[in-house]
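A lone chain, given as structure tokens: the form predicted alone.
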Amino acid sequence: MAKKNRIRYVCSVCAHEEAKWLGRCPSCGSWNTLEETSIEAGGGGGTDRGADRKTTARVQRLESIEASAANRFSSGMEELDRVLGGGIIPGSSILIGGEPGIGKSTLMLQIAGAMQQNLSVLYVTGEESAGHIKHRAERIGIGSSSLHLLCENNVDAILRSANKLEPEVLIIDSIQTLISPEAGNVPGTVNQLTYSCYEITDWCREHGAAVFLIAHVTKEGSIAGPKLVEHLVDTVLQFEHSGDEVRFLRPLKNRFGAVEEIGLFLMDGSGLHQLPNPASRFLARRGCELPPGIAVAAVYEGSRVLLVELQALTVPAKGGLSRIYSDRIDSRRVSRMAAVLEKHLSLRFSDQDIYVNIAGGLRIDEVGIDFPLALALYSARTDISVPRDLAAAGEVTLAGELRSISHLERRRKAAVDLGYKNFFGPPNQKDSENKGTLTLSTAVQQIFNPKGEG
């Protein structure tokens, strides 16, 4: 007798299942996210593979396992290798998400063209025709090559082609278009995404092939589909832009490297290009004194130092209720620095609307931004400019003290190399033990009133 499929309602956000439809998911609280899904009785088509895997697995002692060094290979783009932790690991799975038109497919086609000289690469697309891919390849300078292309969205057909070709790198564009009869008849559902992602990544682990999975994002900017997909892969990358041609590639998860790295690219008609001299990209060079509210910060992103321009503006609050407008720096950090200035330097911010921005659209989260942010706020509130040849970095405590931060000397050297004669930051650990702690009020006095006037 044929098995009868059963109907379940699965949340598209958290993958919670219910026997009947509900307006609100009882697990994550999201509204109107339960979708009807047909599930084959008896566990579906994945049980046979799971049973086979169980027969070959064996229990091992950790001490008896020989850990082999990961043999990374280059993607052909230094910025992408930096974000991945030094290159691509065979058998790893990489999920990359971003807004429509930001350059995800272009980036994948470029690295496919760069790697196909030495590696076997299979580019699978379920969104575009072969002619469209060929046209883009010619536009970005790949031209005729031995790159293998497959226009298919059926998971079983993709794996059959992969078994014949045995590629070393597999690119899927995109996972939302994949479909398998084992998980239903509609692409993009929770079951389809979970099942397809598992089948693809499992095949790549078994065959030692690296896989790139392109993913769509929601209107909030998060990767569309259940969170389980992000757990299945080894690395999750987020593609962002600053409103112009600059693109930022950030790791949200990386089992084989750090998540503090950032990749910088320029986008134009010929594709994505690695950003030359990124240390000074986010600076606006002026031939005169800085306007009030501007400060230069030396920030440490991953393994390199970037100099960025912080912009602050304070205006009287409208209606007596002050607000903070900041999307490149956490508004809670801005509020905290304003409170420290108000407490220890007697500047009033409670009746002011505060606007904070970073030139170039870069988003900064590290603690070294505290001190230059405080200088920008002080400058904006007092209408006194920060010296044009000064760069700063440091953490500010709630007690109004400057704490030492990592890689202080590297920040100082990067600022000097770019023409900033003065670098102001907290003393290093050795100096602080001998001379005591530097306070924010003392630092502001030395910067804005070096002669002790007034």
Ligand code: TYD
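Computed from a prediction, not measured in an experiment: that's the story for all the values here. Each residue number is its position in the shown sequence, starting from 1.
FYI, the form predicted in complex with this ligand isn't displayed, but the following is about it.
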### Task
Answer with yes or no whether Arg285 is in contact with this ligand in the predicted bound form, where contact means some heavy atom within 4.5 Å.
no
### Task
Spell out, yes or no, whether the shortest heavy atom distance between Gly103 and this ligand in the predicted bound form is within 4.5 Å.
yes
### Task
Classify Asp268 as contacting or not contacting this ligand in the predicted bound form by the rule of any non-hydrogen atom within 4.5 angstroms, answering yes or no.
yes
### Query
Contact between Asp327 and this ligand in the predicted bound form at 4.5 Å, heavy atoms?
no
#### Entry: Sole residue of His216, Arg336, His241, Arg281 within 4.5 Å of this ligand in the predicted bound form, by heavy atom
His216
### Task
Identify which of Lys164, Arg332, Arg139, Arg348 has a heavy atom within 4.5 Å of this ligand in the predicted bound form; exactly one of them does.
Arg139
### Query
Exactly one stretch in 151-159, 188-196, 364-372, 131-139 has heavy atoms within 4.5 Å of this ligand in the predicted bound form; which is it?
131-139
